[in-house]
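Just one chain is shown here, as structure tokens, and it is the form predicted alone.
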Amino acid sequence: MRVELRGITKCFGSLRANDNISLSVPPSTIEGVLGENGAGKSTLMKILSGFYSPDSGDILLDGKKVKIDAPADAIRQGIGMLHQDPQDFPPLKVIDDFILGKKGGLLPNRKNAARDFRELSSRFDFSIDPETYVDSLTVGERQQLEILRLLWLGARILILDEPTTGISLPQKEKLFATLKKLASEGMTILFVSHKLEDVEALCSRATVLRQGKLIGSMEPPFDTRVLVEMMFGKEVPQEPKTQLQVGTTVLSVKHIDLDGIRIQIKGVNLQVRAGEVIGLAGMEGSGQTLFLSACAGLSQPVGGSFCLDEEEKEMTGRTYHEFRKKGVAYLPAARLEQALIPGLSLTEHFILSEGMRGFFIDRKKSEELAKSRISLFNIKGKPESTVESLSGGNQQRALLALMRDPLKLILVEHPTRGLDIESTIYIWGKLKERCARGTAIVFISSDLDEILKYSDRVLVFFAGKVTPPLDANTLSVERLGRLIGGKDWDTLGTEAAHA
């Protein structure tokens, strides 16, 4: 199915998110849509998928003008969108979430739906139990569920917004193979990404947006340098890896045992020191999130202990509120579900984070604080902007701006998930500023290059096993990938760094 966008314009107040964009994508095409965070990519895709209505412009499918006022209209036209933040219902079982939106009366046939679900899952090599609950899935598994649901609902135009975030390398390779197969069968794929290597490996054309405007398109062979300049209007220099002086112990993990819904972890030992960065690597669901949440008091161990500071203040069994009072902050991957409050403005978020005293809120002082933080963290938004109106990169910047000083330890899930190159460099620059002041960072990432570039030491998780801390400078992407896949664990004794 051919997709045509003609003169699409969308404004949010004074912000021109899409400025007279015209684009034509023929069937059997995988179109890469590139751009910096806030360039208008997601807005344009949300217009095509019915979440927003354009202020002006037309949408044509196979040359016929169509009106799409809601996501239900879009799916009836054969358009489905996989959002960066999963659009699902965590209290439901997987199979019930899968069935949502399907025509067929008040009582859909769950048996037939479960059969279809398993057949689709096998095509993608996804391993999700249809009878488990959505809230027990990882972010990557929730993305997989949404892909399956859209295909089942009959999508012939598939929009994917940062789909490779949070899934393993084998899952990504299988996904790419499936997308290529679907395109060969006449399906139209719009692949929104900030990862140039993914676009170059998968797409038959790349279209670049910048500041709401369509800058241009490029076909293979792709020139990475030119694409970066099109995205940012300049070259983006890669910063060299910096090594900071580490200090005293801020977190001591001793013989920790953890029981999750689907995985158990035994006997983890780790000394986290002031100023250092520790990366947690592994396939989704291998235990990294369980371990990180336990380090913040969000889940409790069944054995072992957590201690803070050199004085080894016992924190085992304490709540996250108590960890926070001791200088520990946790930044989850699901920004809008677990970290920010949709419907509230940036100003209101800063009021809550600062815990302003007094019976009445000083609005003038609050807005001045918001303006100061917005400027300091280069957030593309206004004090009155709601957090859900911000791009993913600006939501992440807002989370950093909301963290209070001083902090001893920052625990981060996927700190640059869905962010472009410039935003990634900026976010890590701000995190490294904290390290220079003595804050330690422990983070999860599915991006192996990010793990190696920013970590001092690395822990690899596989099927409930955890490596000793490994010196990141001695690891390669290939070596790390083999460990994540369960290979070469018998050689770890020679590579482990001193904890």
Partner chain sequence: MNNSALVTSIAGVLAAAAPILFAVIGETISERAGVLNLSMNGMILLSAMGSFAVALATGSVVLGFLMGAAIGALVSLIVAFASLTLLQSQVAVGFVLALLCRDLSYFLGNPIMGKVGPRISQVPIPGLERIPILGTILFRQDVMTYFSFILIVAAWFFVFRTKPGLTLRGVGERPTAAYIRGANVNRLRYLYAAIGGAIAGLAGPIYSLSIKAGWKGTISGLDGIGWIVLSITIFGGWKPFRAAFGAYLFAFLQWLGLVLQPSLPSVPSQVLQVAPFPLMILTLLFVNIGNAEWVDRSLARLPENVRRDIARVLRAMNATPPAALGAPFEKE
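Note that the rigid core is defined as the largest set of C-alphas that superpose within 1.5 Å between two forms. Positions refer to the first chain, counted from 1. Not measured: the values here are computed from a predicted model.
The form predicted together with the partner chain exists for this protein as well; it is not shown, and the discussion that follows is about that form.
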For the partner chain in the predicted complex, the stretch among 256-264, 375-383, 193-201, 397-405 with residues bearing a heavy atom within 4.5 Å is 256-264
With the partner omitted here, the residue among Pro108, Gly429, Pro170, Gly154 that in the predicted complex has a heavy atom within 4.5 Å of the partner chain is Pro108
Residue within 4.5 Å of the partner chain in the predicted complex by heavy atom, from Ala334, Leu100, Ala177, Val226, is Leu100
Notebook entry, point to check: Would Arg479 count as touching the partner chain in the predicted complex under a 4.5 Å heavy atom rule?
Noted result: no
Verify the contact flag for Asp135: yes if a non-hydrogen atom of it lies within 4.5 Å of a non-hydrogen atom of the partner chain in the predicted complex, no if not.
yes
Any chance Asn473 has a heavy atom within 4.5 Å of the partner chain in the predicted complex?
no
Q: Could you confirm whether Phe462 comes within 4.5 Å of the partner chain in the predicted complex, counting heavy atoms only?
A: no
Restricting to 142-161, the residues within 4.5 Å of the partner chain in the predicted complex through any heavy atom are Arg142, Glu146, Arg149
- Item | C-alpha of Tyr330 moved at least 2 Å between the shown form and the other one on rigid core | no
Original post:
After the core is matched up, is the C-alpha of Trp152 off by 2 Å or more between the shown form and the other one?
Top reply: yes
